[in-house]
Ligand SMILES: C[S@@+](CC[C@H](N)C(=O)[O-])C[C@H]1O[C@@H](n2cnc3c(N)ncnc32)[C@H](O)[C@@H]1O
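Shown here is one chain on its own, the form predicted on its own, set out as structure tokens.
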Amino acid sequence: MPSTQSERDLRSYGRRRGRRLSTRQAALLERDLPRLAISLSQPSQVELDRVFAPPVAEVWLEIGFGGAEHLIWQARANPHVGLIGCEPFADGVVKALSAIEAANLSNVRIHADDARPLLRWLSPASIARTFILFPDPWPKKRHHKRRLVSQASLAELARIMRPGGELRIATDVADYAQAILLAVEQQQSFRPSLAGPGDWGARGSDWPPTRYEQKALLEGRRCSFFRFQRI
């Protein structure tokens, strides 16, 4: 039987590897990922204090950054902020590493694995903002238990986020949007920072689009953009 919490976690994402990596991409993984990776073997408070150089004013977290467009945009637009990006899909990690190198960014760190061990490792109230953009919807009802956004994950996010911190979630699946709102209401650690459904279709100028959003719109799916505040 599984002996650790990590082994007991239900998988909330799909495949980890797509097409074969090029020589350059493989070299990026080998050379840059160890330098930019978050080490869960170190005490979290010590690690966050020294992981970003130069020091940053606060730390933001993106869970499942996909092609890294949003992660890199936020890092470039907010040089005073440290960004931790989580992504188990190797192709996405390579895209992030390539963009970090091209833009010479010093304020991004990568966790190339399931986000939940990282969440358990992070210290209480250490994260000022969290992004979960278009998580795997697991559309079949029997797989809904694998969805990332749930009362359990919201409770863990509530532990690591500062009071007043912002949680942003986007989805293009209507029943997932409803499930997210219900989970937030039942978990009770976050409150909506938007007026209501009329505002859920707008990202705002500090929330850039991703390729997944553009694909969803081209295929006729309506996107919901939620902002919640840590109570």
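Only a predicted model underlies this, so the values are computations on that prediction, with no experimental measurement involved. A residue's number is simply how far along the shown sequence it sits, counting from 1.
The same protein also exists as the form predicted together with the named molecule; that form is not shown, yet it is the one meant from here on.
Exercise for the section: Can you work out whether the named molecule is within 4.5 angstroms of a heavy atom in all three of Ile63, Pro88 and Asp114 in the predicted bound form? Expected result: Each of the three qualifies.
Exercise for the section: Considering the named molecule in the predicted bound form, find the one stretch among 65 to 73, 159 to 167, 24 to 32, 41 to 49 with heavy atoms no farther than 4.5 Å from it. Expected result: One stretch meets the cut-off, namely 65 to 73.
Practice task
Would you check, heavy atoms only and a 4.5 Å threshold, whether Leu133 touches the named molecule in the predicted bound form?
Solution key: Taking the distances in the predicted bound form, the answer for Leu133 is yes, it comes within 4.5 Å of the named molecule.
Problem - in the predicted bound form, Leu148 touching the named molecule (heavy atom, 4.5 Å) - result: Contact check for Leu148: yes, within 4.5 Å of the named molecule in the predicted bound form.
Practice task
Would you check, heavy atoms only and a 4.5 Å threshold, whether Arg221 touches the named molecule in the predicted bound form?
Solution key: No.
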